[in-house]
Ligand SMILES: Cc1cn([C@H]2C[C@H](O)[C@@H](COP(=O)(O)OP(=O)(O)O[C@H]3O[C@H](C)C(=O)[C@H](O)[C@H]3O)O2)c(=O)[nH]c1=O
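A lone chain, given as structure tokens: the form predicted on its own.
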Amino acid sequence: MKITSTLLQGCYVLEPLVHQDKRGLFFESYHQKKLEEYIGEKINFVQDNISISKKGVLRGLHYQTGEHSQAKLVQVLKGEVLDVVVDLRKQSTTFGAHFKLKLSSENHKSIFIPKGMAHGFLALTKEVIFAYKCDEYYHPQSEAGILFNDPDLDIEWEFNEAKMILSAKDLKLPLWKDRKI
């Protein structure tokens, strides 16, 4: 497995070694020891989530606050997404910056997102099955987010905004300057 740093401090792209033959393919999508050695800290994922989305669905930008803040490992099982991560950590050298990457069932890449970052993705194909591991349980009282098209973040989603499908809840998320800490 190849692990590379992103422009966000503590956020990494994981790229598995894929073994393919006439039967199909095999790859190791997660190896706790390798990830922990690379990032220099212990990770204990306690919850796995799956979402299924159709083309144009944008989910995000979401995070949990305080003691329920979550580190995540995200990947696509079917289809392709534009995945976006925003650094919310004031003490970070990359505070306020964002990173984006296309994740797909073809490239098999995943992203490790440390605590203190917002996350969202846009489904680019007819059907997307998106999987993520979390190191904290979902805690509704700690749930927070930032509006996907916040002008201060200036994220280029590479998709016609008029054709995006968002939940009513995500459309009401606050701007960056008004975010919940």
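Everything numeric here is computed off the predicted structure, so don't read it as measured data. Residue numbers here begin at 1 and follow the sequence given.
Another form exists, predicted together with this ligand; not displayed. Remarks below refer to it.
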task = May I ask whether Asn49, His62 and Gly120 each come within 4.5 Å of this ligand in the predicted bound form, counting any non-hydrogen atom?
result = yes
note = In this chain shown alone, the residue from Glu143, Glu127, Glu28, Glu36 with a heavy atom within 4.5 Å of this ligand in the predicted bound form is Glu143
message = Just to be sure I understand the contacts: of Phe112, Tyr132, Phe148, Phe45, which is the one whose heavy atoms reach within 4.5 angstroms of this ligand in the predicted bound form?
response = Tyr132
ask   = Hey, in the predicted bound form, is Arg23 touching this ligand, heavy atoms inside 4.5 Å?
value = no
ask   = Can any non-hydrogen atom of Lys163 be found within 4.5 angstroms of this ligand in the predicted bound form?
value = no
ask   = Lys172: heavy atom within 4.5 Å of this ligand in the predicted bound form?
value = no
